[in-house]
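Here we start with a single chain on its own, the form predicted alone, put down as structure tokens.
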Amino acid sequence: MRLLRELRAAYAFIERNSNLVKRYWGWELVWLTYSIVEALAITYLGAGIGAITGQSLDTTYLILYLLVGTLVWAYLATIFDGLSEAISWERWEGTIEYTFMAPASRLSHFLGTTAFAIAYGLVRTLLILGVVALSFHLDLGRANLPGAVLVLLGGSLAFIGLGILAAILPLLFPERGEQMSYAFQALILLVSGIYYPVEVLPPWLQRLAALSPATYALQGIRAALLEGEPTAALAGELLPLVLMGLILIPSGLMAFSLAERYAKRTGRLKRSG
């Protein structure tokens, strides 16, 4: 019975987040359009590199390289945002005290939020891919799709843990926590090789890249899709992602629980400024 209650509570958060998307569908359309335009602009940059350099180049590989980075980041960033903004959404809607007093564990809260974020991220990323595919011929004849999906699942686990940890910032710092989580996301974007190999970064940033799960996710997915690497050869990227997920998710839940008790004790839940 307890398991059933927790699952029903998790579904309640899925349904609540779905209703929020419906309520703010105009903003959802704006951000989807922005993401599509961004993906097209980056992909056209790869297609136009020959015109920029004045040299005759085969840009097919570069287009796919940039497109994979754009799509993978769009998906992982959606998971990160969905979890890191969970507290911010509660404050915007004025429901934070009700949610934290509801007879549902924080595990159910984040389970429902995570399930919605993954589903939303997949739908959004597939829509972006569909529009880009209409403009470019994508040759994935050598791609190892099961291997790429496996690495993407590993990256999802790691980013779930990062998102839970980032959700602590708006909880403890009502005035600037959300901005801090965005800054953290921007740092991950910089060092993870979304649009370029991490080898072009300065040595000190390359050391940070080794700590980012997005680095391993991108390397593994690019190897699977662009090079056709067999799944067994992706272990070097998949194992660190799974290990990060196994560490970050429970430690994130534990840290959030401690932060929640502190926020309740110091009156930070309702505070918005």
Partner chain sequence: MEGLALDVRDVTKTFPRGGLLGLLGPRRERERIVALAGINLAVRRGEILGLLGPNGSGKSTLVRLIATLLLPDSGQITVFGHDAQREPRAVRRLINRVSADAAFFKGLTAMENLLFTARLYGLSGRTARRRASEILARLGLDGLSLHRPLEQLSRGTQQKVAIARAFLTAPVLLLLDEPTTGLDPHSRREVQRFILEVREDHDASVLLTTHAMEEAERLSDRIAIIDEGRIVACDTPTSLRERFRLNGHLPSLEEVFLALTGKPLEEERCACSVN
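Residue numbers count along the first chain shown, from 1. Worth saying up front: this structure is predicted, and the values here are computed from it rather than measured.
The form predicted together with the partner chain exists for this protein as well; it is not shown, and the discussion that follows is about that form.
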{"item": "Close approach of Asn19 to the partner chain in the predicted complex, 4.5 Å, heavy atom", "value": "yes"}
{"item": "Ala12, heavy atom within 4.5 angstroms of the partner chain in the predicted complex", "value": "yes"}
{"item": "Pro103, heavy atom within 4.5 angstroms of the partner chain in the predicted complex", "value": "yes"}
{"item": "Trp89 within 4.5 Å of the partner chain in the predicted complex, heavy atoms", "value": "yes"}
{"item": "Listed range touching the partner chain, judged in the predicted complex by heavy atoms within 4.5 Å, from 22-30, 37-45, 225-233, 207-215", "value": "22-30"}
{"item": "Residues within stretch 60-96 having a non-hydrogen atom within 4.5 Å of the partner chain in the predicted complex", "value": "Trp89, Glu90, Glu93, Gly94, Thr95"}
